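This document opens with one chain alone, in structure tokens, the form predicted on its own.
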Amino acid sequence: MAKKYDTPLLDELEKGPWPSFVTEIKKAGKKSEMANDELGQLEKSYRTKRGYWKHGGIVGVLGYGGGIIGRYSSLPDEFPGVAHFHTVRINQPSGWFYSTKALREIVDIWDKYGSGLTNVHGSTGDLVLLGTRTEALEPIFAEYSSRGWDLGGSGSAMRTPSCCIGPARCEWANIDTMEICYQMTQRFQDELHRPAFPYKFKIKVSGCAVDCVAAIARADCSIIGTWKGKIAVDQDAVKWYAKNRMDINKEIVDMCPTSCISYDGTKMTINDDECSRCMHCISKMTKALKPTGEKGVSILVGSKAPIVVGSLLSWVIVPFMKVQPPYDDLYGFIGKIIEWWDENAKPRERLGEVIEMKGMRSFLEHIGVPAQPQQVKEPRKDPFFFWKEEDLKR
């Protein structure tokens, strides 16, 4: 298919050493009119400094309320190929592991019905397929679902849970992130496919506090692997790092957020009672330091990117929870969190925003968690003295 549009502004984005999305759209445009018109409309947006997408609308497949994001061009006569340009979200496997056969299967179906453009992966975690027409949605869903694939979440619903690769490739994972993610995905199927929440709700699972899946910045409920025991120190390995020019005092001791590490030039000592399990020292000195003892999770809540108010980071609610298959306790606990949020939130309010407005007290009382020192996010601002009327009568 011949190139339809001159794109001098977009061509600038192909310069430099990095891969360019413009180059990939041009490649797809050789076979797809939809991708070709997408390129033309995008060039016009850059030239006029206006967007020409009409976001939203009710489109989907039978029996599902989410998984399809409706998108239309406001210039259908000028760019007929993108008059409909809906996004299809495919529920990703835990850890984003695919076989080459599975990837070929996905893209072959997409080439048949869509623009040929994909986004691997979207910020939610889903495998995102960009651009198809309304009449193609049911055939697309039928083909994917008949091969074992399912749609992901969208709209005011449980979004597709996601996780880091955890024990599949990382020796520092404190929990089986992929199994937890899979179980939460199975348990929340109804909430994922049939939007009934005030707004989106995201669950992300990280194997340790390094948080490779960015749960602390993006998830309403962050499940972070942690441990209860001490950090084992291999003093010979510490000497190896010092010999290989690591400035241990500058790179490790001075950067410890709780100042629980000391180093006298020959020996490293850690006061484990003061350790916040942030993983900084372990991730920098992987040969010398190792977590030991009982493993479990910390539960944090409330992060989000800006929509109604500014961005929020997650807040520690449960410092340590023992979890094990089939994760009934974890599932029930998250259910209580959702219940409180669903009862108190206005439309398009995320969990963190509701906690900020309603206060932590009613939230903690509903989910049955006592106030604890680890929950204090900002000293003096969050004293956690919860007075009741009967307390004043004493």
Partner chain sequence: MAWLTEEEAKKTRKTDIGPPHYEQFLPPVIKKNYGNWKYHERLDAGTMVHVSNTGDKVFTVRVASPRILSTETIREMLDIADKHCDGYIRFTSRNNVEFMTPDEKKVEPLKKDLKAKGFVIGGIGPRLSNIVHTQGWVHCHGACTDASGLVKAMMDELFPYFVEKELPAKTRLALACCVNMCGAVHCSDLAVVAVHRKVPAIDHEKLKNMCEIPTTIASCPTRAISPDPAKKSVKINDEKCMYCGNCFTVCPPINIHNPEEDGVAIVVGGKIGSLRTGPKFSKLAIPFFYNEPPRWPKVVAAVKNIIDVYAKNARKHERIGEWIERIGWERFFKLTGIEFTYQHLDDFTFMRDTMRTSAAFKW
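Note that the structure is predicted; figures quoted are calculated from it, not measured. Residue numbers count along the first chain shown, from 1.
Another form, the form predicted in complex with its partner chain, is not on view; read the next lines as being about it.
Peer 1: Would you classify Ser45 as touching its partner chain in the model of the complex, given a 4.5 Å non-hydrogen atom cut-off?
Peer 2: Although its partner chain is absent here, Ser45 would touch it in the model of the complex, with heavy atoms inside 4.5 Å.
Peer 1: Would Gln189 count as touching its partner chain in the model of the complex under a 4.5 Å heavy atom rule?
Peer 2: Yes, Gln189 is a contact residue.
Peer 1: So, Lys27 and its partner chain: in the model of the complex, are they within 4.5 Å at any heavy atom pair?
Peer 2: So Lys27 counts as contacting its partner chain.
Peer 1: How about Gln235 - does it come within 4.5 Å of its partner chain in the model of the complex, if we only consider non-hydrogen atoms?
Peer 2: No, no contact at 4.5 Å.
Peer 1: Kindly confirm or deny that Cys260, Lys322 and Gln375 each have some heavy atom within 4.5 angstroms of its partner chain in the model of the complex.
Peer 2: So, no: the whole triplet misses its partner chain.
Peer 1: Can you tell me which of 225-233, 170-178, 73-81, 264-272 lies within 4.5 Å of its partner chain in the model of the complex, counting heavy atoms only?
Peer 2: Careful reading of the contacts points to 170-178.
Peer 1: Counting non-hydrogen atoms within 4.5 angstroms of its partner chain in the model of the complex, say which of Cys278, Ala242, Val318, Val253 makes the cut.
Peer 2: The residue in contact is Cys278.
Peer 1: Given a 4.5 Å distance limit between heavy atoms, list every residue of 87-102 close to its partner chain in the model of the complex, or none if there are none.
Peer 2: If the 4.5 Å heavy-atom criterion is applied to its partner chain in the model of the complex, 87-102 yields Thr87, Asn91, Gln92, Pro93, Ser94, Gly95, Trp96, Phe97, Tyr98, Ser99, Thr100, Ala102.
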